[in-house]
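What follows is one chain in structure tokens, specifically the form predicted on its own.
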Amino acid sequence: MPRIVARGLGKKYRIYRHPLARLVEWASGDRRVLHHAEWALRGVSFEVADGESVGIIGMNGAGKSTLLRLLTGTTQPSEGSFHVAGRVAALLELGLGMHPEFDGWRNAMLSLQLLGLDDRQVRDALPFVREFSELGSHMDQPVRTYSTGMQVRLAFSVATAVRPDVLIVDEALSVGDAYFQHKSTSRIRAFQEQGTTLLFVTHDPGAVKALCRRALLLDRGTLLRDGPADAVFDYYNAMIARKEEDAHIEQLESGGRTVTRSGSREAEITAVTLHGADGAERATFAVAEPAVLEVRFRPRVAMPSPTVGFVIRDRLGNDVFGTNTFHQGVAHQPCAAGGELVARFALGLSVGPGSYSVTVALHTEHAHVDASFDWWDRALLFEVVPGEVRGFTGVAALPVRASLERGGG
């Protein structure tokens, strides 16, 4: 049985022009309608299997936080239904459920009780909260004296003091310091290995791809995409890059992988190839072997300063390396309409063995969000195999010189 089920889930809010209008409408027994309805979420249906990790992404106002509030029971749906099986721990809006005048201990005790823990379980969990949060003596201080990072530490430590069946995390972790973000991610990974179901909201593609294999894309309160995390994020990036109404997004299945293309098509990428040092086109390279990436494109209109860029991703969709002609200081050359131009990037593939993809983009200035002409996700795939570089682990083949000698004394 699925751990989470949502069927036609929707949330409608009443918007009044004046605060007194709500009172007048209520006093009239709803005979006078003085509001208009706005749907924050509508017609959302999905299932999450036991132990599955799902990322929820979308632009601001897409309905992500509304969906989480519905699933955690902090607000009621206007239509549809949902079911969440098991004990749920949620980290939503920063400070939600915390009393500013109570100290850390009191807030932790109350929050743990709200999670359904009995007195003995609360007593057993409190030492973990102090240890994991590393708040020390600040646990004796009122929460109103806490910084945002300290509030995150306390809230996350409470929510994860005991492994939940379902862990729901909103973007609150993004305000924490880098050290605690890494610590929290490790805690989440440990829960995943033990079978906890995860719903995770963030704008960080790296976090979603690292923690989730699947993602839901919400847009204006509706579920727009539901699929593999990297493919859904590629579509989301294409949405962000789309500045003009006539910009087109295509997402097609090609060779067993989902390929996304978007942009105004004022200029179009015609070919993406990877070559060895001898100039021959190849799809397999040894670790640290030199290669040349060629991106051919054809302007359909005159362009004053085109920028060609690429990013290499590993098999999980994590960004390994990316750059473009703007950052490389290549002189901007005006391009007339018609004809074909080629951008070449000479690089050393100092990455670990594995499968990689190349995404390319054609735009202006430093990033594809400025004016995107053509953005081609996973334009090609290539393999890196072990070579003459000494053994190592990881995705980067960093140059290393090791020595061993007797210490002084």
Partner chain sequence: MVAPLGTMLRNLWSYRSFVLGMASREFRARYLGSVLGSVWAFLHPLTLVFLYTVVFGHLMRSRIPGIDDALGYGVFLCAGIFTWTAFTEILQRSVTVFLENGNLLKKMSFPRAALPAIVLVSALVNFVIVFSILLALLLLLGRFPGWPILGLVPLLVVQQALALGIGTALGVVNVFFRDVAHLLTIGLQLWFWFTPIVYPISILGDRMQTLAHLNPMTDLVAGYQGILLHGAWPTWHAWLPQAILAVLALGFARALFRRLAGELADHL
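Residue numbers count along the first chain shown, from 1. Please read these numbers as outputs of a predicted model, since none were measured by experiment.
Another form, the form predicted together with the partner chain, is not on view; read the next lines as being about it.
In the model of the complex, every residue of the candidate spot (P19, G97 and G116) has a heavy atom lying within 4.5 Å of the partner chain. Among heavy atoms of R69, some come within 4.5 Å of the partner chain in the model of the complex. Although the partner is absent here, T145 lies well away from the partner chain in the model of the complex, with no heavy atom inside 4.5 Å. Shown alone here, E101 lies within 4.5 Å of the partner chain in the model of the complex, counting heavy atoms only. In the model of the complex, the partner chain sits within 4.5 Å of a heavy atom of Y13. Comment: 74-82 is the region of 320-328, 277-285, 187-195, 74-82 lying near the partner chain in the model of the complex, near meaning a non-hydrogen atom within 4.5 Å. Out of the listed residues R163, R213, R220, R106, R106 is the one that sits within 4.5 Å of the partner chain in the model of the complex by at least one heavy atom.
With the partner removed from view, the residue among A271, A337, V292, L110 that has a non-hydrogen atom within 4.5 Å of the partner chain in the model of the complex turns out to be L110. Residue D30 is the only one in 27-52 with at least one heavy atom within 4.5 Å of the partner chain in the model of the complex.
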